[in-house]
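Shown next as C-alpha cells: one chain only, the form predicted alone.
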Amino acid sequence: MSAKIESFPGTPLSQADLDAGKVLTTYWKPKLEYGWDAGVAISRYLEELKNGRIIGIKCSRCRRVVVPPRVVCEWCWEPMNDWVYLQDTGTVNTYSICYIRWDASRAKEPQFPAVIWIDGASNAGFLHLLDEVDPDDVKIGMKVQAVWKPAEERAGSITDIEYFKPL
C-alpha cells in the first residue's frame, strides 16, 4: 500500500516561505582546521621540491632507489635512510591524451597526464603533466625534463614542478 504525500500530517515547506523568512532557519558554517604531518620521508621530499630538487631514498639491502621516498622498503622491509638526489629528468612510462580537466570541465586543448620514471630511481616515479609537446609527438619512452615554478612561487608540493617537457 503506497501513501501519498498529501496523506501525511504536517505543514509542507515551500521555497517561497523560506525566501520570505516565514521559516526559522539556521546557517552554520563549521570551522574545520586540522593539522597534518607528512612524516619524515615525505616532509623531506616536499622541502626538497620547494628548493627545486627531487630526492629519493635508497634501500641498503636491495639497493633500490625510490621516489617519492619512504622510510621502509616495501620489498625487503629494510629501514631506508640513504638519501639520494635525483635528476629532474625522466622517461614517459605511460600517458593519456585528455580533453577533460581535473574539475570535469571540457578542455579545447588536450592535457597529457603521464607517469614519469625519474632518472636514477628504481620505481615507477610519479604522475604529472606533459606540456610543450604536440599530441602526435608524445610517446612511451620519450625523455622529459621538469619545468619548475619560479623559486618564489614554490610551496613544497609536487605542483612546484609545473610540468615535464620533452628533451
Partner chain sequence: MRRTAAIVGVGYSGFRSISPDLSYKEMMYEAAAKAYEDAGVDPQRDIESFVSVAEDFNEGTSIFDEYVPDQIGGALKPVHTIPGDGIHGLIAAYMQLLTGAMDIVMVEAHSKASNALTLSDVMAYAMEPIYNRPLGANPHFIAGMEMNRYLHSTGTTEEQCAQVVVKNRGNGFLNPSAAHGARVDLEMVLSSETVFYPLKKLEISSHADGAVVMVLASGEVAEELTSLPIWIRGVGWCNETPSLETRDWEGATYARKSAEMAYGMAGIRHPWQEIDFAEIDDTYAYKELQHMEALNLCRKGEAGHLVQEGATELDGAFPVNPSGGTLGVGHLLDASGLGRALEVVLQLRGEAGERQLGEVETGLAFGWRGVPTTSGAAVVLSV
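Positions refer to the first chain, counted from 1. Predicted, not measured: the structure shown is a model, and the values here were computed from it.
A second form of this protein, the form predicted in complex with the partner chain, is not displayed here; the remarks below concern that form.
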>> Residue-level question: is C62 within 4.5 Å of the partner chain in the model of the complex, judged on heavy atoms?
In response: no
> With the partner left out of view, is E74 within 4.5 angstroms of the partner chain in the model of the complex by any non-hydrogen atom?
Replying inline: yes
> Is the gap between K31 and the partner chain in the model of the complex 4.5 Å or less for some heavy atom pair?
Replying inline: yes
>> Since only the chain is shown here, I'm wondering whether D137 would be in contact with the partner chain in the model of the complex (any heavy atom pair within 4.5 Å).
In response: no
>> Counting any non-hydrogen atom inside 4.5 Å, which residue from A41, M142, V133, I55 sits next to the partner chain in the model of the complex?
In response: A41
